[in-house]
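Consider the single chain below, provided in structure tokens and representing the form predicted on its own.
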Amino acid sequence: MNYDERLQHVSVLGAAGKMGSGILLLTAVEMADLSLKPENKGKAFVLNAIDLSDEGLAGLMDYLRAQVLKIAEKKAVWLRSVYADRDHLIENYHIIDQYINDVMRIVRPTTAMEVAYKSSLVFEAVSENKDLKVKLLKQIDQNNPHKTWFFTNTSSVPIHFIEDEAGLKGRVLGFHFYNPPAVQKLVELIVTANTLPEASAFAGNYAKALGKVVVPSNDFAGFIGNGHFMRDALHGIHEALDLAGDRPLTEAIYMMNKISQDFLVRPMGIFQLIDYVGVDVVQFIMKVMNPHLADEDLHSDLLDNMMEQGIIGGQHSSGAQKDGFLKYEKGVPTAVYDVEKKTYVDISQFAASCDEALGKLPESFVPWKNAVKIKDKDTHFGPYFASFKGMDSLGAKLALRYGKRSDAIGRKLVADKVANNEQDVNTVMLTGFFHAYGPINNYFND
């Protein structure tokens, strides 16, 4: 079965979800493009969008149509050449409408799992629950005569557990898209000792067709991205709790969010990132990873406390940020949650005093939006972080400690053979988390 044939009948599990919808969009466009090749004329391409919610599927189809319109507008020139033999397609809007129809007719929204029994490729994007993943994949495999391949989007569950418990014998691999899949360039590719070479090769070709940057990760819980993020988040939480010995925790959270965003030059602070991913998701990933770690404990009582109070962050269906550790107005943090008083405290009440306590940023500071465009990272960030070592401020000390910890986390991922090399760790954090520089560097050395 060649590349085109493998993509003739595909299913996406959890298609109406945040990750599943993006995976479905990318796959639908790729399948539509394949169907337009002369050699595939007359062949049926089917993409099953499987989800529990009829309402969610209806919203999915609206989302899909709107996104395909944008994609079609960007490649109108190519589409005109593809549809050159269709005389009735004259204006650009005729061509664009035709392409939207060609994509949409491939997609079959359904709540019936049984349609996946005919698929030769299944993408799994359900919740981060090993037992659920195993149950669904095993059910499909036992009823599917085609020896289908399964690409799981898990961000933390070791693939070999899914493989063994579902009895898939080399026909499952981790294909971890980053959120949102339609925008994010990074994919972590995780294979097991049994993964079929042809499945791995197909995954590489599929990722290339989507324009993705593929980083291989070895099969350890959390892989590279979450392996770094979870530990990095715990460091930020622990530092905030230490600061809270001298000031309210709300202020400490604000300060560590500022340290991780402004002082370390990241796209968002660590507490804002936790909110973006979801307090519930972060807590769950730590729970998934923790049993597989012999030398550390990935757990936070503060996360547990937030969960008990129903403060979980995440995003609304519109993409707008939900309140978590921070309260947001038009995406901008305006308050910090007080877990003791169970209410938000306006940042304006303490920002000035906290900023004064942290101290000023170095004169060479460049905000992330501009710093991320710097090509020679060492020339800028080496002197920038070196300047912290000559400063006696609280902010400088916290930033240096945070940077050293981030570097150590990255190096341990290589030492533990989660990542093959330091460059892979840096690529994941640069591409998947939009950091301005890789965590493994020499900027924080004494």
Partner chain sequence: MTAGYNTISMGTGRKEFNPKKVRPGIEHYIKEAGQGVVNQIGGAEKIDESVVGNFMAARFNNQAHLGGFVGTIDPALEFKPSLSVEGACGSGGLSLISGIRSVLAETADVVLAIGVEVQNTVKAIYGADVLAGAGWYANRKKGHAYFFPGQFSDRAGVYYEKYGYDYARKGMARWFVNAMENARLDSTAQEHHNNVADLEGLYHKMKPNGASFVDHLNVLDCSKVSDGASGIAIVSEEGLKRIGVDKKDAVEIVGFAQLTRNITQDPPDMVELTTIKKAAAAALKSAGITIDQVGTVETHDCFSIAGVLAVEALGLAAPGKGAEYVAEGKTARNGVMPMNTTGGLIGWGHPTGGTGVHQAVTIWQQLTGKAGSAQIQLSAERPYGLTINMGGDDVTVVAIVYKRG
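Residue numbers count along the first chain shown, from 1. Only a predicted model underlies this, so the values are computations on that prediction, with no experimental measurement involved.
Same protein, other form: the form predicted in complex with the partner chain, not shown, and the subject of what follows.
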*Would the partner chain in the predicted complex be within 4.5 angstroms of a non-hydrogen atom of every residue among 34, 40 and 45?*
no
*Specify the contacting stretch among 121-129, 331-339, 201-209, 67-75, defined as having any heavy atom within 4.5 Å of the partner chain in the predicted complex.*
67-75
_Please identify the residue among 160, 86, 108, 138 with any heavy atom within 4.5 Å of the partner chain in the predicted complex._
86
*Among 309, 98, 349, 92, which has any heavy atom within 4.5 Å of the partner chain in the predicted complex?*
92
*asked:* Is it the case that residue 360, even though its partner is missing from this view, gets within 4.5 Å of the partner chain in the predicted complex, heavy atoms only?
replied: no
*Consider residue 147 of the chain shown here, and say whether it contacts the partner chain in the predicted complex, taking contact as heavy atoms within 4.5 Å.*
no
*Although the partner chain is absent from this view, report whether residue 80 comes within 4.5 Å of it in the predicted complex, heavy atoms only.*
yes
